[in-house]
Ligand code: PBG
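One chain is shown next in structure tokens, namely the form predicted alone.
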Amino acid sequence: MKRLQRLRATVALRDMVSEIGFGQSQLIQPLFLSEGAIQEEPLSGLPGSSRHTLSSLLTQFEKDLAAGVRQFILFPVPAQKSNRTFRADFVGTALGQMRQRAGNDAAIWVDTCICSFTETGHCCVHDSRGGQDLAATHAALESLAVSYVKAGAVGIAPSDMNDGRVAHLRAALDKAGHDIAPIMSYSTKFASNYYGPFRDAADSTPQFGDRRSYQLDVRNRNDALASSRRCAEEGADLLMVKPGQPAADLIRPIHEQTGLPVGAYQVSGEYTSLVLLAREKFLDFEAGLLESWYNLRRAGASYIITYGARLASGMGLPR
């Protein structure tokens, strides 16, 4: 059953999908949690972001809360990789402690994919012939999703782009008694060249080939729209385009065809481009960043995932 109440459950969720105004409530801050990190590891490709230990993650989380951030998406980086068994208890520990600190004042999403968990760096399990094992992939995603929500995530964000994963995740969450937990689907995600800094941060670079057999071809508009329609039909509550600015032309058509809130992921390559331009004094970083958010909002984005969400209060953006 489609639960329209999923996006009404908390103040943070209601503010995130508000149809008028624009403020910090529509910005989602990514956080990287590294199970194997001994200390916080600043990311050279994403200035201002780090791969965190549990302790440094909680410190950063508290700072972000104090800065007015209310939306987060957590990216887990496990210490041990596998091609069949994926353990994420370290994520549950972090979610529990984050929830204790924030209560319902913040929405914590978890990116739900296995690319950081697999030895191959791919977003799927492979069979003995090297093809995609969809059944095993779905099972792995279901197990992770249920564990994340049980531990305190407000919802999950499947980013793998494997066929049918939203339907399987919705069924698994409902069966586990989490029918009110929303799914924020990376519904139109392209096989883009803009992901480089992120893949270093998440330790998720493919060890062979690429992801073009399951991510979208940047040349194809109709396939991109169909992908988002499919996710809506399978039970997604929120849709997303990735990368944000290169796919901005699709945001409003996706909303018009599905009626769902559609967000944009300002990916690492987009964000780092602004950092580098500012470093060379070709633009003012904060002014350029704010302009990029307004561009995505003008294109119809209900929410924006951006590495600069924690800077918004200092830029005068209202809560």
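These numbers were taken from a predicted model, which means no experiment stands behind them. Residue numbers run from 1 along the displayed sequence.
Although not depicted, the form predicted in complex with the ligand is the subject of the following passage.
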Answer yes if any heavy atom of Leu95 is within 4.5 Å of a heavy atom of the ligand in the predicted complex; otherwise answer no. no
Hey, in the predicted complex, is Lys150 touching the ligand, heavy atoms inside 4.5 Å? no
Is there a non-hydrogen atom of Cys115 within 4.5 angstroms of a non-hydrogen atom of the ligand in the predicted complex? yes
Classify Tyr195 as contacting or not contacting the ligand in the predicted complex by the rule of any non-hydrogen atom within 4.5 angstroms, answering yes or no. yes
All three of Cys123, Lys242 and Val267 touching the ligand in the predicted complex at 4.5 Å, heavy atom to heavy atom? yes
I need to confirm a contact call. Of Arg87, His178, Arg230, Arg211, which residue comes within 4.5 Å of the ligand in the predicted complex, counting heavy atoms only? Arg211
Stretch in contact, per heavy atom within 4.5 angstroms of the ligand in the predicted complex, of 247 to 255, 62 to 70, 285 to 293, 267 to 275: 267 to 275
Could you pull out the residues of 294 to 319 that have any heavy atom within 4.5 Å of the ligand in the predicted complex? Tyr307
